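Just the one chain here, laid out as structure tokens, in the form predicted on its own.
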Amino acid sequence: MVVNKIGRKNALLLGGVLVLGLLPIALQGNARILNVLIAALMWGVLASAWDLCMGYARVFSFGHLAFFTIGAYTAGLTARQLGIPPLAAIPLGGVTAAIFGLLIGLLCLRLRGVYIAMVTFGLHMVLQTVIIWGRDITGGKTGVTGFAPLQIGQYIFSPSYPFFSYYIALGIFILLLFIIYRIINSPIGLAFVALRDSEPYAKSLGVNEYKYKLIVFGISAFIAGLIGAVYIHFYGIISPVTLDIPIFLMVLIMFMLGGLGRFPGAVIGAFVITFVTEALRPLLLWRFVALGAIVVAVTVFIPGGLMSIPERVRPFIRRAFGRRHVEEEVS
């Protein structure tokens, strides 16, 4: 039964990747929709990295948008100042974010719950202030523009070339999601879940809480910083606006909507929220009110997120088909 369940899940994941691969052809290269899809792929990776920390390890970090921004600024400014290609600067953005993640993890070793949230959100707030104050380097409130786009062979990763850019983004998305998936289904992921579900029992088996807290901070911050570096070399601009509360809440809503600790729920939530936000763009700031209403509705009616819907529907289907089968036998 477990093997069949794993096999079905892998088949569904492969089917999802196949659908994503065929979308540009089905959309006939529609530039606007492809650019929205590229944004959804990048937000999906960030939301999944955040979910790895909050959903699986149950470490209440509110600093992942800060790690994303650190990775973006590091990659962009390094590429510009040192003249290195974006392809070499992007991993550096991930490494820098991971270092900050480990430092924050060290500060949070003895903390729990809301106290970790306060420390990590403190990084978020301090970073925005530092960026604004360091305007000679960071561009201050207006940010920095004109970063060189990522180029792979003859293909340029830019909103101006959405068809080719989509496949580059999809490749990065698949690679990073595969890493997250492997971590979840590895001994490290098992330790995260054990500490989350039964901390005393996990500790009695020798699971080191401090070690795995550092690991989850380091890995999730690295992935967040890496996708932040990809983001800056796609859009060519970065500013402290990425740390504003509406964007913070938007990403938080993504993995909450998909289902906390339910891979790939964060990705599904990212796609839903990205497209809903785009559709509600004419409402300006009121679209965030609409998003809030969606979250309240999901929390009340589907507390496990969108990934819990099959589990909720399955008993009704079984009862319906079981009753039909009995009626056919009687007749």
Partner chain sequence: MTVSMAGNLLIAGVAVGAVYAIMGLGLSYVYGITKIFNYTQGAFFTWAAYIAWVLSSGFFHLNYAAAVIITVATMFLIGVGYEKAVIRPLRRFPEWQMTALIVTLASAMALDNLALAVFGYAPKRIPHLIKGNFVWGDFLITRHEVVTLVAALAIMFLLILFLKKVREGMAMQGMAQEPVGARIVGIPIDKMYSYSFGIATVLAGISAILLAPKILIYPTVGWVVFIKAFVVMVFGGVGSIKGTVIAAFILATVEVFVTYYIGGIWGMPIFIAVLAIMLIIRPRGLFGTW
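If you're wondering where the values come from, they're calculated on a predicted model, not measured in any experiment. Residue numbers count along the first chain shown, from 1.
There is also a form predicted in complex with its partner chain; it is not shown, and the following applies to it.
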Does its partner chain come within 4.5 Å of a heavy atom in each of 115, 257 and 260 in the predicted complex? yes
Can you check whether residue 88 is within 4.5 Å of its partner chain in the predicted complex, heavy atom basis? no
Any non-hydrogen atom of residue 164 within 4.5 angstroms of its partner chain in the predicted complex: no
Does residue 29 reach its partner chain in the predicted complex if we count a contact as any heavy atom within 4.5 Å? no
Does its partner chain come within 4.5 Å of any heavy atom of residue 121 in the predicted complex? yes
Contacting member of 195, 79, 184, 250, with respect to its partner chain in the predicted complex [4.5 Å, heavy atom]: 250
Given that its partner chain is left out here, which of 178, 201, 210, 133 has a heavy atom within 4.5 Å of it in the predicted complex? 133
So which stretch, 70-78, 165-173, 214-222, 124-132, is the one near its partner chain in the predicted complex (non-hydrogen atoms, 4.5 Å)? 124-132
Within 265-304, which residues come within 4.5 Å of its partner chain in the predicted complex, counting heavy atoms only? 285, 286, 288, 289, 291, 292, 293, 295, 296, 299, 300, 303
